[in-house]
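This document opens with one chain alone, in structure tokens, the form predicted on its own.
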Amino acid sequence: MDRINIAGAGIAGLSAAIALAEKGIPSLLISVQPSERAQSVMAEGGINACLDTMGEHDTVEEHFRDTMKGGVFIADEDAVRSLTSHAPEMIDFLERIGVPFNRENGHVIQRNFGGQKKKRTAFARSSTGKIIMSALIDEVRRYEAAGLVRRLCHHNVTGIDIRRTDSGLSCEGLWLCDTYTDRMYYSRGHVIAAWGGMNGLFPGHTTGTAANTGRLTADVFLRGVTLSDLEFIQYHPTTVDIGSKRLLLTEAARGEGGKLFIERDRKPWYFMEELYPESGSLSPRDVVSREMYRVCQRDDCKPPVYLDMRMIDKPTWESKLSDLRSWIIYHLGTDPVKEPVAVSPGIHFFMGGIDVDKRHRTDAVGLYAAGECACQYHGANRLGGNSLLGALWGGRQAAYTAAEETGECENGEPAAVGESEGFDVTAYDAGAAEMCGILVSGLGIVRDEQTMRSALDRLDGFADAHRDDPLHAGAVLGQAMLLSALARRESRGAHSRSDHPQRDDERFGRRTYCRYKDGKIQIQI
């Protein structure tokens, strides 16, 4: 059986490699950096699953309903049912390969997370992503030793070979560049995209690694692959500027009792508890970020927002949040046990990306996508704790589908692409910094027609100026994000418009699809 290419070695990529190896199917696991430095390592708070270990009578159906509600009802219902129903199975798998979730009296402890009424988030201290990744890496190494996984670390994927046939798009393989030797070469076969979100378009404004540039999403978009829901960008409410990026202060801190406040008349005003008495500071992330924006806009002096964690008890800090406290002390010089921490929203997750069906197929035969680069489970806003689950289950689903369909790609005339036309990665990454200011000005927490049109006009000029270099693809992706946001003339989840503040289910209660054809971006809602 042909080897399957996996582009990306975070949780989605590792999960896909393991699932293929379990079926005896070889894979090529490609990444720029070692898995130990993947974005997935940075996930802190936990992973959702209905285990009902906390005596709250939680059910899979409630997990499904919370996920659909959090995404404001535009996520794929069949896909979300598959995700939530298999979540307990994923926790069992992780425990079998050695993930030491926090336990008490023999049971996995679960905590509260935003947008969910039941304690459903399993965790390993405040380093859940790092600990899960360590277990997955070890599991993959077993299959490397058996010859079923071949790692190509320090390799850039410079392009995806997508061809047009009489029956549509077909993915035939990908081009690679060894970053040590600059050698370019081609790997034939089906491709599982697991290359993460579009953080590199927003340097300094995102909690994610800039190594996730978004350039491969731009590449497949220009080659005809459909993207969806690009307007939905999650701003995490509790981040801190540390220079080159935003430091995430995990939602687990609020799950364990931390609260947000601003000072009024020299006293703390815990505004989320007053405005949202049922969920308070643990409301969905889009709600919290939007209210932080609004309370500061109402006050002429624009007061800082603080995360108050002083009420969290010592045992909780020691057993559940010790890593978080260490990071805050190291990066900020502040001990959160003694002092509140000034926070502000930062870009954290891209709900939109490559459009896939519930089996993780794109509209190019032979190309599958999983993890943050794919769009499927999260709708208009992702619930905390569902990203690790979506990457883990999505990687397995993409692998199962690829395993069934490998060898089915039709041969077609190649498009006008080749090794020499792959991305100049250095040039692309440097130029992406220029686009950042334009995109941030139009795709903030609260948007309106004027600011988005202004950003689009500026980006159109940028795209024209770079029409003959690798930056053009990134600029087109940015244009698609802005056009998607302009087309959705309502407020829904992470897409909030001051000029259209209401939700409009009749006109916009569905997904946004983005296609690039004959040099033009087409938007469909």
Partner chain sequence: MDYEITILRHKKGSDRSYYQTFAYTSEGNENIAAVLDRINRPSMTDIGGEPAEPVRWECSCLQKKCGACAMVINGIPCLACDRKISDCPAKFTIEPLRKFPVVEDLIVDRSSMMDELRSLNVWLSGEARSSDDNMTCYEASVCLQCGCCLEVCPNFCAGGEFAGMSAAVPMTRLLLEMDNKQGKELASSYVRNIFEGCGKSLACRDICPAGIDIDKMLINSNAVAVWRRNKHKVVKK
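Numbering follows the first chain given and starts at 1. Since this is a predicted model, take the numbers as computed values, not measurements.
What comes next is about the form predicted in complex with the partner chain, which does not appear here.
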Query raised in the report: Using a 4.5 Å heavy atom cut-off, which stretch among 201 to 209, 111 to 119, 68 to 76, 370 to 378 contacts the partner chain in the model of the complex?
Result: 201 to 209
Requested in this report: Could you confirm whether residue 325 comes within 4.5 Å of the partner chain in the model of the complex, counting heavy atoms only?
Outcome: no
Query raised in the report: residue 97 near the partner chain in the model of the complex, any heavy atom under 4.5 Å?
Result: yes
Query raised in the report: Any chance residue 104 has a heavy atom within 4.5 Å of the partner chain in the model of the complex?
Result: yes
Requested in this report: Look up in the model of the complex whether residue 130 has a non-hydrogen atom within 4.5 angstroms of the partner chain, and give yes or no.
Outcome: yes
Report task. Name the residue from 37, 466, 458, 500 that puts a heavy atom within 4.5 Å of the partner chain in the model of the complex. Result -> 37
Query raised in the report: Which residue among 259, 361, 245, 86 has a heavy atom within 4.5 angstroms of the partner chain in the model of the complex?
Result: 245
Query raised in the report: What are the residues of 24 to 60, in order along the chain, with a heavy atom within 4.5 Å of the partner chain in the model of the complex?
Result: 33, 34, 36, 37, 41, 42, 44
